[in-house]
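Presented below, as structure tokens, is a lone chain in the form predicted alone.
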């Protein structure tokens, strides 16, 4: 199995990230002066003293922006630098370029910004009260929800709060800009979306996109936090580079990074469900209220995905989803692994869990009762057919492999014998749609060059952020071209080679870029096949030429072969082009937002997890005793990388569900802005017994080598931890009382839930 292509370099420290680049002695340090108030008028400031400080090369305000003062990726409602009003703590006001960081900090002290403080909106409840909607209300509905709710024999309702989450990528936001001839500029950016970063830089500088080159070799993690918000740092670096005529690098200090950047969207969700004696949901109504922060960013696309995943793995004949996103005076919230899916799924999983407790049944029975079925009941609330449904097979396999039934009895016995320590167990599924829900983003480009010595250089539009995309692309190129992996290099992502790329997001990096690379290679193989036929002396058709194991041969005469490295110089001498672009667009993707119907996903990924926890009901401490995961990746391109993504996604989900609590004070100051105040999962939070398997024998049709995306879907499997904790709390009341529960389930939440039941 091919190792991650950068694994050794990253372990030894040889891998180069943006902050490792030391271009020249003339390189300057960029620094951002940001608002200390959540909402205020800017009355004025004087930059003369800061500009006069020795070692300072530029001090810029919005008045110094030569182009457009905007970094909003969709809606133009996010200023690059504040003008008259600040709308969140962390909003950039002034930029400084200096010889080093200390000089920049000294310059900041010489800038006295006068404010008139205004009242901020910091909570969703207040935003709802003030009706600060950032866009019209969205709705998806089928059936007659109100009528069927009224007819239902049983009904439940409630409110669920799901919290924010910090991306906590290891590499903070970074960009290095280098001036070229005329107004040309090159940016080495830690971005998931090089083409958008290119466009934003061009806009703020008032130049054309062909004058901006963005290159990305690797990112030290991103998780969605560098899909749009890396653009800010790139724009600031570019402005300083343009003003000074020197290379400028901005690399945010961890605390500043957390204060400046947006988070996963907080949601306040209201729900009502009607069901029968068996627990089959007849009607479901849910209102999803999202905290967008101070600007639109990707909030509406995120809200849409939450709405599209409000069903998770369950067929509900009558269903209504209302989506609302509100403006608050916090940094603009943004993309995060799952992209709204976790917030929508959390609500329906809560509903399933409550129905089970209401009926006195095991929640696995209620889940299985409501699953999308292979034979019928397989149309989502927005009208897409759930094809190649793996839910039932995964359910049956994991129920057996995890010994769920047996362990449930053992847990019941343990709980009857222990007063203060309780165990809980839960099984949760995920059905996750793969594709950008904005249809035109489902496209990718590639460039494949073959050199005269038979070596191959592959360029594509995806970015490598640790997820193993480059390794998968290398494997795909090797298999498609039939040459060994050591003959191929996957080059840095660069906008001058692959234009107009989509973000590496929506779990689609391998899907679309892999197909684009295949397209380029298919074109090259078609050209080379004509030369191969001549060299082989074959009268066969081009489609009969096989490229395999560094050889080329006619499948009808496999005994006669020529080496790939001999074919290439022969093709060159015959003036055959050894370079080709490739392109791919995902087929049959569409969605009518007005009607709330369509086919927004190319396919669905499935998975399930069973988790057992131990909870100390006196302190709220919990320990994950065991987790079993069975996840569907189709025919995996690289098992080890896919398992790594399943493990990583699950553990990051555990953090959101349990320990990662973000708090602001009454003025909008982020209180959890550093490693000592914000608790991401550690080795102690990983299941003591962790069993992860990929579903085998279920290829995924019409995708690159029958594989499936794996980046985001496993995140939602962490709900098994969250609901196992709730199951343990419920034991205190003999499963007769519904615990008051929110997300994350911190020690405090656990203790308060236990006390209310007692």
Partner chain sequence: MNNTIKFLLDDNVVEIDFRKEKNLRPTTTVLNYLRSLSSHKGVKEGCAEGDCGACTIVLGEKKADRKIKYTAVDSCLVFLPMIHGKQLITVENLSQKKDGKVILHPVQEAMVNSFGSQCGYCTPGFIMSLFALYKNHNNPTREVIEDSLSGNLCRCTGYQSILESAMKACTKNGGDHFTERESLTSKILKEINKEKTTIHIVSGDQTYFHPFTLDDALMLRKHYRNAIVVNGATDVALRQTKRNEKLTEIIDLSGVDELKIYDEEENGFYFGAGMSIEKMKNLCEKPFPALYNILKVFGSLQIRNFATIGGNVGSASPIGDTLPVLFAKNAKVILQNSKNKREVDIEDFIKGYRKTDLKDDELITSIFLPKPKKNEIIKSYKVSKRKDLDISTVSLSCRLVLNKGEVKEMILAYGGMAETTRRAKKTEEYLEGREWNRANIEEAMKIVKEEFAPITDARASAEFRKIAAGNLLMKLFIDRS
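Note that this is a predicted model, so its numbers are computed, not measured. Numbering follows the first chain given and starts at 1.
In what follows, reference is made to the form predicted together with the partner chain, a form of this protein that is not presented.
Participant: If you check in the predicted bound form, do 2, 616 and 661 all have a non-hydrogen atom within 4.5 Å of the partner chain?
Facilitator: All three within 4.5 Å in the predicted bound form.
Participant: Using 4.5 Å between non-hydrogen atoms, is residue 166 touching the partner chain in the predicted bound form?
Facilitator: Residue-level check for residue 166: yes, a contact with the partner chain.
Participant: Examine residue 751 and determine whether its closest non-hydrogen atom to the partner chain in the predicted bound form is within 4.5 angstroms.
Facilitator: Taking the distances in the predicted bound form, the answer for residue 751 is yes, it comes within 4.5 Å of the partner chain.
Participant: With the partner left out here, check for me: in the predicted bound form, does some heavy atom of residue 283 sit within 4.5 Å of the partner chain?
Facilitator: No, residue 283 is distant from the partner.
Participant: Classify residue 221 as contacting or not contacting the partner chain in the predicted bound form by the rule of any non-hydrogen atom within 4.5 angstroms, answering yes or no.
Facilitator: Yes - in the predicted bound form, heavy atoms of residue 221 and the partner chain come within 4.5 Å of each other.
Participant: Just one of 445-453, 364-372, 412-420, 134-142 has heavy atoms within 4.5 Å of the partner chain in the predicted bound form; which?
Facilitator: So the stretch in question is 412-420.
Participant: Looking at 479, 647, 523, 359 here, can you tell me which has any non-hydrogen atom within 4.5 angstroms of the partner chain in the predicted bound form?
Facilitator: Going through each option in turn, the one that passes is 647.
Participant: Exactly one of 161, 272, 148, 685 has a non-hydrogen atom within 4.5 Å of the partner chain in the predicted bound form; which residue is it?
Facilitator: Contact check passes for 685.
Participant: Hey, which residues along 233-257 are within 4.5 angstroms of the partner chain in the predicted bound form, non-hydrogen atoms only?
Facilitator: Heavy-atom contacts within 4.5 Å come from 251, 253, 254, 255.
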